[in-house]
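Okay, here we've got a single chain as structure tokens, the form predicted on its own, with questions on binding and movement later.
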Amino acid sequence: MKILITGGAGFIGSHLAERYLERGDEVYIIDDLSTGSMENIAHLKGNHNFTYYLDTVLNQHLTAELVDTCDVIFHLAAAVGVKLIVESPVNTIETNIRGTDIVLSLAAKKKKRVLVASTSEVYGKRDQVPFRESDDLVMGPTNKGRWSYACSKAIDEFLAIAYWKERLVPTVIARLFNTVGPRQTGRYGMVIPNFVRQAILGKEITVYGDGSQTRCFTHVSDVVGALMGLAECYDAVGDVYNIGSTQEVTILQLAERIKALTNSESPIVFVPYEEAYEEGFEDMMRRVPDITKISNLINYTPKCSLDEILNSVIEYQRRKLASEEMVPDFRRSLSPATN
């Protein structure tokens, strides 16, 4: 098959591209590198089945060509990370809604199959777990920037389902719950790579809030397998599916486990949400998916345990830090200018 991945130089997109290339498919990606990285796809560039474009899906002429070329489109391009979302709400809304509308409208012309990546954030402030795809969504107030992301992704879902119902575009929606693994950056507030890097470097491990909030983390390899399964299952069309793990852990427990696995002496410190993000920031205290629906459809079961997930990130971050130490800082070697 010919696969198009928008946001393909990102954390999840690069792993998805890698898996399809290993299978022998042709992969095309488009990424503006706003949150993705060339480093994520550098090892793929020598593969004759791999083509990449450094551009945005808002470039409709290029996106149209790629959509026409490919059989299946994975729309992963989006604003990601709580920190980025709080700091850049306009970019978040524009990137998510406009980008998705463009991809779906172009796919509609030739009825190309589209998988739209959504997020567990759309469940908003629900406090009853596990979250089921048919549950009501409980959004926060519009003056809290955090909820702009949830609302924009919910609109993406409405758009995808509308294109299926009204224009028969075969769309599938995947709600992702805290995907983790190698290549994920902590730059935009991703908790595990941040904790791991802090622990390895002997810095303070910064837990936001009191650490009692819980999450369920899923290895990127399990998520990629689920995405491929949904995209290739026609019975999945026109519906929404949670992808995640049901192994719940508090953020404080997570910090303590990472500290133990890295043999770190880093102290664990608590940072108020207002200091980390913005005044009045609202968090989801529990985020647990019900994965019955996707399990029944494609026999999805996450295979990686929490320790396996953490060890994969620790190994990756250690390699990355070692490579950073090997790169000379040329600025230090420059002689002062003389008059």
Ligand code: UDP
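Just so it is clear, the model here is predicted, and its values are computed rather than measured. Numbers for residues come from their place in the sequence shown, where the first is 1.
Below, we turn to the form predicted together with the named molecule, even though it does not appear here.
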Just to confirm, Arg126 within 4.5 Å of the named molecule in the predicted complex by heavy atoms? no
Evaluate Tyr53 for contact with the named molecule in the predicted complex, applying a 4.5 angstroms cut-off between non-hydrogen atoms, and reply yes or no. no
Does Arg287 make contact with the named molecule in the predicted complex, using a 4.5 Å heavy atom cut-off? yes
With a 4.5 Å heavy atom cut-off, would you call Glu121 a contact of the named molecule in the predicted complex? yes
Just one of Asn194, Thr262, Ser245, Thr92 has a heavy atom within 4.5 angstroms of the named molecule in the predicted complex, so which one? Asn194
Answer option from Ile200, Met190, Ile161, Leu106, heavy atom within 4.5 Å of the named molecule in the predicted complex: Met190
Indicate whether the candidate residues Arg215, Tyr273 and Asp283 are all in contact with the named molecule in the predicted complex, with contact defined as any heavy atom within 4.5 Å. yes
Could you tell me which of 165 to 173, 234 to 242, 204 to 212, 220 to 228 sits within 4.5 Å of the named molecule in the predicted complex, going by non-hydrogen atoms? 204 to 212
Taking the named molecule as it sits in the predicted complex, which residues of 165 to 180 have a non-hydrogen atom within 4.5 Å of it? Please list them. Asn178
